[in-house]
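Given as structure tokens, the chain that follows is alone and in the form predicted alone.
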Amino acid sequence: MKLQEYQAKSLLRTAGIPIPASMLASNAVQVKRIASEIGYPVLLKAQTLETGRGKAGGVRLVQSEGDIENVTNEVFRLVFDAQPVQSILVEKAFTFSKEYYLGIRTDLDQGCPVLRVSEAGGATFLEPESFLNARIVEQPVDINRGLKAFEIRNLLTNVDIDPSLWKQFISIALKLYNIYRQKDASLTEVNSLVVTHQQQLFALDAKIDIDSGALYRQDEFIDAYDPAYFGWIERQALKYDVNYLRFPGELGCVVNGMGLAYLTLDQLITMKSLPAAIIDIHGGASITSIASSLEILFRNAQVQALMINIFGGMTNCEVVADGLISSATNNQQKKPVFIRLKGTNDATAIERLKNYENLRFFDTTESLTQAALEYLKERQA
């Protein structure tokens, strides 16, 4: 998951990395009040997950109160990838003499985190020619030993950074690595890291990506998803580590494994239909993740009936049954459930579900799909 700039900077501030004074605003009145409190000049920075906001006018410098209202309205009118700007980070602006890039990212080829430092920072770093005009150095990090100060110092000897800044630079890099490790990040990036005229380093912009697979132990980020990009359904799916695929049909499908998902989708397409959603609970799913997946579909007004297609290997059919029973109270509209359970403890699971209302059992995927589609046709007739 990608954090918004204000969310990333909150982590930097907590870690002790110097950042400019800033506050988030969701309307023009708040922008004006915060700018007055921080003191002019200020930067108005549109909060969006899309790239290129600077060139699109999403980062604006305001020198005085007389200009704040017009500039604020212009920023709020911006649209990035069909998503209007919902909030603005109001930040203290100041001049600086130099900017650098500092980042730690997961390198899948090397199988470890990599520390990257560049003499080019800010928008310059994103330009292809910067790789020709500025040195970029990298240091693989032993995940068991962690990042060490001497490794950072060795990197700094290969780039044009004033030695008087090394102590500050090393401190910021170590704190950035701690965020990377403690928050299960795949990327922690400061771009740019600027040098003020008082020889102080400040993080002007930050980008942090959290590994979605680690959200089960990073609860603080579940509600950090921007609602403009992630609704309740997407947040629930990420929280319980299930794959959620949206379609324009009327059947909600729960499967364990993308093989069954593709098979179910192929059969529906062959029968000239589409699902409303497919949820892949993966192998070895828990009662909680199964119950949450079913709740998502029960609460989806587009879903008229549910198909549960489970081949129990790593997934215990009894756990699926318990998840279904746990979510039964959320089926307030009494949507019918068509279910196929085959594999580990399937007989016991089916026995547990015999008293469950609106439930129909099937032996094959074909008969399951056919019955669900026939139900929809009857309902529409």
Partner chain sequence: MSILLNSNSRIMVQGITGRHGRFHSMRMINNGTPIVGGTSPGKGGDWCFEGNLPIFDTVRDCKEATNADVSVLFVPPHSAADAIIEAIDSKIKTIISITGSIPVHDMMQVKAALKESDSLLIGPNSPGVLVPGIANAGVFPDGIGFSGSVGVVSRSGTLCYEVLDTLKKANIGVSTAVGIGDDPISGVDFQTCLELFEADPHTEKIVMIGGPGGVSELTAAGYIMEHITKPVISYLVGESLAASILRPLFSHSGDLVLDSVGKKADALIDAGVLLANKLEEIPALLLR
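Just so you know, these numbers come straight off a predicted model, no measurement behind them. Positions refer to the first chain, counted from 1. Under this definition, the rigid core comprises the largest set of C-alpha atoms superposing within 1.5 Å between the forms.
Below, we turn to the form predicted together with its partner chain, even though it does not appear here.
**Student:** I'd like to know if residue 342 sits close to its partner chain in the predicted bound form, meaning any non-hydrogen atom pair within 4.5 angstroms.
**Tutor:** Contact with its partner chain, yes.
**Student:** Residue-level contact is defined here as any heavy atom of the residue lying within 4.5 Å of its partner chain in the predicted bound form; does residue 72 satisfy this criterion?
**Tutor:** No.
**Student:** Is residue 164 near its partner chain? Define near as a heavy atom within 4.5 Å, in the predicted bound form.
**Tutor:** Residue 164: no contact with its partner chain in the predicted bound form.
**Student:** Given that the partner is absent here, does residue 50 sit within 4.5 Å of its partner chain in the predicted bound form, heavy atoms only?
**Tutor:** Flag for residue 50 set to yes.
**Student:** Looking at 157, 198, 144, 95 here, can you tell me which has any non-hydrogen atom within 4.5 angstroms of its partner chain in the predicted bound form?
**Tutor:** The residue in contact is 144.
**Student:** Can you pick the one in 83, 302, 286, 243 that has a heavy atom within 4.5 Å of its partner chain in the predicted bound form?
**Tutor:** So the residue touching its partner chain in the predicted bound form, by this definition, is 286.
**Student:** Would you mind picking out the stretch of 146 to 154, 173 to 181, 294 to 302, 86 to 94 that comes within 4.5 angstroms of its partner chain in the predicted bound form, counting non-hydrogen atoms?
**Tutor:** Result of the contact check: 173 to 181.
**Student:** On the criterion of a non-hydrogen atom at 4.5 angstroms or closer, are 108, 266 and 311 all touching its partner chain in the predicted bound form?
**Tutor:** Yes, the whole candidate spot contacts its partner chain.
**Student:** Could you list which residues of 242 to 271 come within 4.5 Å of its partner chain in the predicted bound form, counting heavy atoms only?
**Tutor:** Heavy-atom contacts to its partner chain in the predicted bound form: 247, 248, 256, 257, 258, 259, 260, 262, 263, 265, 266, 269.
**Student:** Once both forms sit on the same rigid core, is the C-alpha displacement of residue 212 at or above 2 Å between the shown form and the other one?
**Tutor:** No.
**Student:** Using a superposition on the rigid core, decide whether the Cα position of residue 163 changes by 2 angstroms or more between the shown form and the other one.
**Tutor:** Moves: no, less than 2 Å.
**Student:** Given a superposition on the rigid core, I'd like a yes or no on whether residue 284 shifts its C-alpha by 2 Å or more between the shown form and the other one.
**Tutor:** After core superposition, the C-alpha of residue 284 moves 2 Å or more between the shown form and the other one.
**Student:** Check residue 108 against residue 258 at the C-alpha atoms and report closer or farther in the predicted bound form, compared with the shown form; the change is 3 Å or more.
**Tutor:** Nearer in the predicted bound form, by 3 Å or more.
**Student:** Given a CA distance change of at least 3 Å, are residue 106 and residue 258 closer or farther in the predicted bound form?
**Tutor:** Pair moves closer in the predicted bound form.
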